[in-house]
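Here you get one chain, nothing else, as structure tokens; it is the form predicted alone.
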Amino acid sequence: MQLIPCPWCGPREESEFHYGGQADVAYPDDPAALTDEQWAQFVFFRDNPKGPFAERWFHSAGCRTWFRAVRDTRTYAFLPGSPA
């Protein structure tokens, strides 16, 4: 079982969390003006780097707070000092 470092509760088992996807994805300024293809790009297409990757996590079985963490996609390890 992997431990995920919650900024408020400390390290907890991964079963307490829900993955929220890539962090720092900006919502479109004018969503009504987007074409179907642009909406598909916004909703479904995300970066898939090999290495450090900023993600959103929800501590659903703990403090029920969303936070941002950086995880290495090669090792699945959460990097220390990930900003919340």
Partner chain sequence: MSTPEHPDALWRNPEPKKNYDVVIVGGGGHGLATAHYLAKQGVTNVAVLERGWLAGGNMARNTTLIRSNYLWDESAAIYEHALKLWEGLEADLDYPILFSQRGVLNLAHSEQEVRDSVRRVEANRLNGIDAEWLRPDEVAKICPIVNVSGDIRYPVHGATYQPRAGIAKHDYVAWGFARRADAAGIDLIQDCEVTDFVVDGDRVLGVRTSRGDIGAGTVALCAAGHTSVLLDRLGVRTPLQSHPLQALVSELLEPVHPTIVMSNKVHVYVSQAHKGELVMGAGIDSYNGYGQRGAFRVIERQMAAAVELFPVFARAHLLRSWAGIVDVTPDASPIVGRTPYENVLLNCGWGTGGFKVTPGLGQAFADTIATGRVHPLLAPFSLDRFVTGALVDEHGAAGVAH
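As the structure is a computational prediction, the values presented were derived from the model and not from experiment. Rigid core (definition): largest C-alpha set, two forms, superposition within 1.5 Å. Numbering follows the first chain given and starts at 1.
What comes next is about the form predicted together with its partner chain, which is not displayed.
Proximity of residue 36 to its partner chain in the predicted bound form: non-hydrogen atoms within 4.5 Å are present.
Shown alone here, residue 14 lies within 4.5 Å of its partner chain in the predicted bound form, counting heavy atoms only. The closest heavy atom approach of residue 49 to its partner chain in the predicted bound form falls within 4.5 Å. Residue contact check for residue 66: none of its heavy atoms lie within 4.5 Å of its partner chain in the predicted bound form.
Contacts with its partner chain in the predicted bound form, taken as any heavy atom within 4.5 Å, map within 1-33 to 1, 14, 15, 19, 22.
Relative to the superposed rigid core, the position of the CA of residue 34 differs between the shown form and the other one by 2 Å or more.
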